[in-house]
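Here we start with a single chain on its own, the form predicted on its own, put down as structure tokens.
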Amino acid sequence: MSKILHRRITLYFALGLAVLGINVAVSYYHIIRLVHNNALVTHSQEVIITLERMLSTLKDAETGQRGYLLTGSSSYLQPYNSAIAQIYQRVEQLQTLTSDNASQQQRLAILQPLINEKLRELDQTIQLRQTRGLAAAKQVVLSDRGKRVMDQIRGIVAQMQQEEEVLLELRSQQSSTSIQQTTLALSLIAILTLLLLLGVYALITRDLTRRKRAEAALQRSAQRLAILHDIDRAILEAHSSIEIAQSAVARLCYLVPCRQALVLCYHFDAGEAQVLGNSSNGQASLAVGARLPLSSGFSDPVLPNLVLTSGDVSTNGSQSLPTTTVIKDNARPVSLSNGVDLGENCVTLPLRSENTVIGELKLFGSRLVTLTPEHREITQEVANQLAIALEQAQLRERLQQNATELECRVLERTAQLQSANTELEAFGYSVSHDLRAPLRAMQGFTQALMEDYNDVLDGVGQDYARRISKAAQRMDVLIEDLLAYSRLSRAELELKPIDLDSLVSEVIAQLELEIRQRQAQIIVVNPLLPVIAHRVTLVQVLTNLLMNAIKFVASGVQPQIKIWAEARPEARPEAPPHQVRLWVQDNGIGIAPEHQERIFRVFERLHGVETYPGTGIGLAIVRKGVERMGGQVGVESNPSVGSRFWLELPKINTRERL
């Protein structure tokens, strides 16, 4: 309800209440006045009746007196005595009734002595009739004294009655006037109240009508938003431009009265338009996906707002294209093709992406169907959303196409790289393997030279021969490590549950000779937890770690090695551990922090070959092997204190068995 309407209704109610208050006041005033007038009328009537009764009572007394005088029978004295008893009551009533009327009081003051005189005359005649007989009483009667008094009484009573009748008529007129005024006032007030009520009713009815219209508009808006939301959701769920357009036009036909909705997408480079969506109440004239040639009029990619006129239809073999003659702002007609009049109306809206027209939305319908501004607004909204969705779909399709092409190129390059790596690994393996044959020949001939010609060679020649032999041995070990590292990169590792207790014991047994030569002390804290790993690779990893622990110790120091395992806690305290960390601790020379990452690289050496022999590949094999098994490796070390190498591998589940 608007503020103005609320104020008007409030004003009308206030006026209604005021009129009702006036009505009550006027009604009360007129009712009081009417009651007062009626009381006065009744009062005058009572005065007149009392006067008549008083006069009648006096006549009854006179009649009884006369009957007694004529007959001498005491039976006539009974009405006489009764009248005498009542006449004073009438006089007292008159005094009370005429107390508000001074003139009547004056007449009553004259009347009362006359009544007394009349009563004395009657009593005198009765006394004379009883004591001296009828003749004495008759002389008093014949004196006409009683008649004169009675005439005076009648005259005064007549005056009093006349005045009361005048008052009665006046008061009756006042009462009638009061009734008429009251009726008129009540009628006017009732009419005014009725008009106010009609005004309030009109305002409320007007407000209710507006509310109903607003509710209807709100319901239509809600329905429209719901369907537009469905269109948006369908557009978002669609995967291609055709699905988006088909979903949009199918729902648009429910919102806008039309026979057919059509979505065309321009391909200006190809000079054609593609039918992306076609929804019709009957049989669709164009198949979705069909491509149609564009006329020269569509060569301009920026079209203004198009205004439809009458509809045409064109034929193209088995497919027919109902189109309209669209008129640009400069009235230059453009059309898809030539056509004949179908007698339909058509609405054409361009599908714009920023400032470029990418297609159009067409609605066909009978000429009897009229699109309201709301229908046009809905169609424009759908066209705007459809343009955005089609643009996004085209970008998505283009991106998907580029991604597919890129993926194909990546697969092709990966295959080429894998082939090159395979060839390189095969070449390296072949070269490494082939190099060992001449190395063995060098070692054999050097050994034969030292054995067969040791007496011929002088000291320098013998030293050269020993150096050649040692160099050949180092080259052989180096080639062996390279082959091992290469095998780790190429081989497929089948991971299985491994019992670390037995595996560590096996590795220690293999290194028994080196342990005995270096008098190393190895302590294994059992039990070691089982892990998921590749057994051969894990043996090689532990062998390299133990060999380094035995080898890299200061001169004169007995190697002391400790091996133990622990389950690693997870980030979430309630989650069970899934990793096992195996520790290998030694009392060797230690590694400076800046070198701890380098030692896991290939050919990284921290000391000379003469001090600590080796190829520099052992720890690289350790890292490669652990990573191939899905684990990690690291070291904690301090120079001159020792090192703690650790490797983490997946923990065996309770359902897996060794």
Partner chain sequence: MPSMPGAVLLVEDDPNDVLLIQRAFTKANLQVPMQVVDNGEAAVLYLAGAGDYSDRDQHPLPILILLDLKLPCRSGHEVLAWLRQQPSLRRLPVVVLTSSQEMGDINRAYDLGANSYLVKPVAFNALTEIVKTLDLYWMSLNQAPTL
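Numbering follows the first chain given and starts at 1. Since the model is a prediction, treat every value here as computed from it, not as a measurement.
Form predicted in complex with the partner chain: not shown, discussed below.
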property	result
Candidate from 397, 215, 407, 451 lying within 4.5 Å of the partner chain in the model of the complex - any heavy atom	451
Answer option from 524, 439, 457, 188, heavy atom within 4.5 Å of the partner chain in the model of the complex	439
Contact flag, residue 480 vs the partner chain in the model of the complex, heavy atom cut 4.5 Å	yes
Partner proximity in the model of the complex: residue 487 to the partner chain, non-hydrogen atom cutoff 4.5 Å	yes
Heavy atom of residue 72 within 4.5 Å of the partner chain in the model of the complex	no
Residue contact check: residue 169 to the partner chain in the model of the complex, 4.5 Å heavy atom	no
Stretch in contact in the model of the complex with the partner chain, which is absent here, among 582-590, 263-271, 472-480, 499-507 (heavy atoms within 4.5 Å)	472-480
Three-residue site 603, 605 and 637 fully in contact with the partner chain in the model of the complex at 4.5 Å by heavy atom	no
Heavy atom contacts to the partner chain in the model of the complex at 4.5 Å, residues of 493-532 in sequence order	none
